[in-house]
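Next up: a single chain in structure tokens, the form predicted alone.
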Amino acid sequence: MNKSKNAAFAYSFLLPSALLTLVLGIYPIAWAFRYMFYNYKGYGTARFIGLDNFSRILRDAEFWNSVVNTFVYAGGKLLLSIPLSLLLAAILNRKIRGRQLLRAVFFMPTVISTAVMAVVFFTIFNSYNGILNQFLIKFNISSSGIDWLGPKHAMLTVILVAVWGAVGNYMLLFLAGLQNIPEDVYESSSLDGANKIQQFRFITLPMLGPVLQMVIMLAIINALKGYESIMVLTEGGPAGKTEVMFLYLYKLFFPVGGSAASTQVQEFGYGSAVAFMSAVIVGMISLIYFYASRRMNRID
């Protein structure tokens, strides 16, 4: 009897989480899976059209442009954030004055709302009266400022904002991994004549392999599905230069204001098909990474 009461008591704690998962996770997926075979705009009667939404995706140049932009955005974010976070972790793992404060400062961006962060950066990178352009003009670095959110620099700008928001989180994970490496290993290698670069190459990186593998996986997934800061900064513009896959998907369900969304209308049916295709693309990239990362588990 006591075991039954204990089990019921334990399940009572699991029930809220299970209900939230069912309502906010499983049900929306099932709903989208059903309507991707329908022509449904969120009102009126849903009309079954079979695979027409998927054939439309194959002809949708805007969607495939967003896929290309997603890979450019994700690639740029990974190439900058992973080495930078590892470098910061290596520096802040040393016994330097104020390292606890510096760790908190670099980690702070990860706890700030993405939308709030993007609004702040919009005031910095605004082409007309942004803080950065005012600085450049004041010190005669640029005569008229730089169009940071224009066609030429928009993608670089949103990548830099994404890197600023991600580095602190990955730095903390790397830092935890570095602190689990025994100091005796470095002392022994020093006695054998290894310098700092050799220690990093042959000790730190191999022993940090599992953490590095996890960080890269998290970075890939977050980069491929990220769109919030881009929506605030550029709405996917100008002219689709920063339109990433999940922002395009978001607009099909919730068209945002402004010129960037002027040609889009609410399409739940087609949006569900795009969501499925986007999930397939992210899943394929994840599987490719899982296959390639097997070597990272082999420490010779």
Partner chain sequence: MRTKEITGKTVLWIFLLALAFVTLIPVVITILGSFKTNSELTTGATFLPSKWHFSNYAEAWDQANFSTYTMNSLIVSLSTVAGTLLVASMAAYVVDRMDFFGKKIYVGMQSFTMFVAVGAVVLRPQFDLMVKLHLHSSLWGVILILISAHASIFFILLSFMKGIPRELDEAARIDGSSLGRTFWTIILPLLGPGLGVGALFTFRGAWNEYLLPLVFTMTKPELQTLTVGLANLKYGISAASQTHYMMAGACLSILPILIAYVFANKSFMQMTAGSLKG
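Computed from a prediction, not measured in an experiment: that's the story for all the values here. Positions refer to the first chain, counted from 1. We call the rigid core whatever largest set of C-alpha positions still superposes within 1.5 Å between the two forms.
Although it is not shown, the form predicted in complex with the partner chain is what the next lines describe.
Sole residue of I216, I203, I112, L79 within 4.5 Å of the partner chain in the predicted bound form, by heavy atom
For this set of options, the contacting one is I112.
So in the predicted bound form, does L14 come within 4.5 Å of the partner chain, heavy atom to heavy atom?
Output for L14 is yes: heavy atoms within 4.5 Å of the partner chain.
Does R97 reach the partner chain in the predicted bound form, with heavy atoms at most 4.5 Å apart?
Contact check for R97: yes, within 4.5 Å of the partner chain in the predicted bound form.
Do F33 and the partner chain come within 4.5 Å of each other in the predicted bound form, heavy atoms counted?
Within the cut-off, so yes.
In the predicted bound form, is there a heavy atom of the partner chain that lies within 4.5 Å of any heavy atom of Q134, even though the partner is absent here?
Looking in the predicted bound form, residue contacts with the partner chain include Q134, since a heavy atom lies within 4.5 Å.
Is it true that T123, L249 and A279, all three, sit within 4.5 Å of the partner chain in the predicted bound form, judged by heavy atoms?
Yes.
What residues in 75-89 sit within 4.5 Å of the partner chain in the predicted bound form, counting heavy atoms only?
The stretch 75-89, when checked against the partner chain in the predicted bound form, contributes L84, L87, L88 at the 4.5 Å heavy-atom cut-off.
Quick check on I26: with the core superposed, does its CA move 2 angstroms or more between this form and the one not shown?
Moves: yes, 2 Å or greater.
After fitting the rigid core, is the C-alpha of V67 off by 2 Å or more between this form and the one not shown?
After core superposition, the displacement of the V67 C-alpha between this form and the one not shown stays below 2 Å, so no.
Direction of C-alpha distance change in the predicted bound form, L87 to A118 (at least 3 Å):
Pair moves farther apart in the predicted bound form.
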